[in-house]
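In the block that follows, a single chain appears as structure tokens, in the form predicted alone.
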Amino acid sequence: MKRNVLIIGAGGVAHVVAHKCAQNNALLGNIHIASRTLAKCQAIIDSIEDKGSMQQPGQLKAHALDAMDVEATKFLIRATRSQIVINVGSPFLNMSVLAACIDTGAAYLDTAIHEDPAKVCETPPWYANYEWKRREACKDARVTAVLGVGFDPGVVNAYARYAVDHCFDQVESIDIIDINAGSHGRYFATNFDPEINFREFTSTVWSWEDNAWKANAMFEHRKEWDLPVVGKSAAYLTGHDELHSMSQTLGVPNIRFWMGFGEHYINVFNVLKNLGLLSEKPVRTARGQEVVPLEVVKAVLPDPASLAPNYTGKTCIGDLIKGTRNGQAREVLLYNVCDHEACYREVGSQAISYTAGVPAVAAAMLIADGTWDIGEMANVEELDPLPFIQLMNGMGLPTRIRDAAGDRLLDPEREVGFSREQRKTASAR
């Protein structure tokens, strides 16, 4: 069993991760939060104490850390005796934190693909450019590294694996649909780090079509989806982290990602992009100062965490899977609906941060109890989805299934007839 968690990052997702770790510290042990700004870590700790989130008395401590410094990160992992590291800082940190985990033997989790500050929308499969190059190192060190274990990527990968294994004989297509039907009341804001948000959409976006990569322009393909609770919503075909692994691991010929955008967001985005304000390349001002336009835009936009108190409405994120079962065409929607206001009441966050943070803690718990402690690197769809889905059902992110039999809570034990306890016993034999 692994215990003691080091959380790297102090943004909105880290806030949720810390609260959820605190709610489960009987299993996870001591909790440490580290980022470059100690005050942000302490603010999260204050929030946990204000909410009374600790399951039982335990250590909860803030640390200052530049996680780009591998040696400093290794020192902190050892000093805190952390056996699980949840990296929810900037994706620019992934490879440094992963290196520190490999050298110290700590399990590694993240919620997004690694990014090079000088590159956007990299050539697929993107994971092969960075993380997958350390597969052998993880295996040799017997280090468990679970990549992309937020909601998308993360939960949607598990949904895909569940569908492939239990709902179909053959899957023809997976459409991942992410709709935020909430309102934060600001003129313009992003729901997570503005720099990372914009970098996803400023160049080529990739989809997986007929077993090959297809290049698209942002906002080139629009489709209206009718989803539970949030209703009819327009979404646009875009690239996303999970496509880069699922295309290589599931054997499904068509995998696409659709994200909902309002017309106001699109208009502002296009103005910023056309003015060059979303560029990641440095420019020199008239006063001789070198600045990165995208970093300036990030600096003037609201902190995503600040949106939480006034956020209303719900999100709906899921996989619409089509294929055949017993020779008959079949369609299944696996999805979650999350309420912004409920998230704020529970942990003081909005639903976007909540849906990304809860799965990372569920994964940490599965590593802690041995279920997912595999001693090598894996993307989420390479792991058993049943205990993951079952655990999240009780942690605030219940999964629902809509198919020909109706719309219901997805209870893996009932649907598949094999409980988490049975699976753990079987895997130990």
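It should be emphasised that the depicted structure is a prediction, and the values quoted were computed from it without experimental measurement. Throughout, we count residues from 1 along the sequence that is shown.
The same protein also exists as the form predicted together with a further copy of the same chain; that form is not shown, yet it is the one meant from here on.
*Asks:* Looking at 72-80, 351-359, 160-168, 291-299, which lies within 4.5 angstroms of a further copy of the same chain in the predicted complex, counting heavy atoms?
*Replies:* Of the options, only 291-299 has residues within 4.5 Å of the partner.
*Asks:* Does any part of residue 310 reach within 4.5 Å of a further copy of the same chain in the predicted complex? Heavy atoms only, please.
*Replies:* Flag for residue 310 set to no.
*Asks:* Would residue 277 show up as a contact with a further copy of the same chain in the predicted complex if we use heavy atoms at 4.5 Å?
*Replies:* Yes, residue 277 is a contact residue.
*Asks:* Give a yes or no for residue 306: in the predicted complex, does one of its heavy atoms lie within 4.5 Å of a heavy atom belonging to a further copy of the same chain?
*Replies:* Output for residue 306 is no: heavy atoms all beyond 4.5 Å of a further copy of the same chain.
*Asks:* Could you tell me if residue 286 has a non-hydrogen atom within 4.5 Å of a further copy of the same chain in the predicted complex?
*Replies:* Flag for residue 286 set to yes.
*Asks:* Identify, from the list 212, 329, 268, 215, the residue with a heavy atom within 4.5 Å of a further copy of the same chain in the predicted complex.
*Replies:* The residue in contact is 268.
*Asks:* Only counting heavy atoms and a 4.5 Å limit, does any residue of 17-42 reach a further copy of the same chain in the predicted complex, and if so which ones?
*Replies:* Residue within 4.5 Å: 36, and no other.
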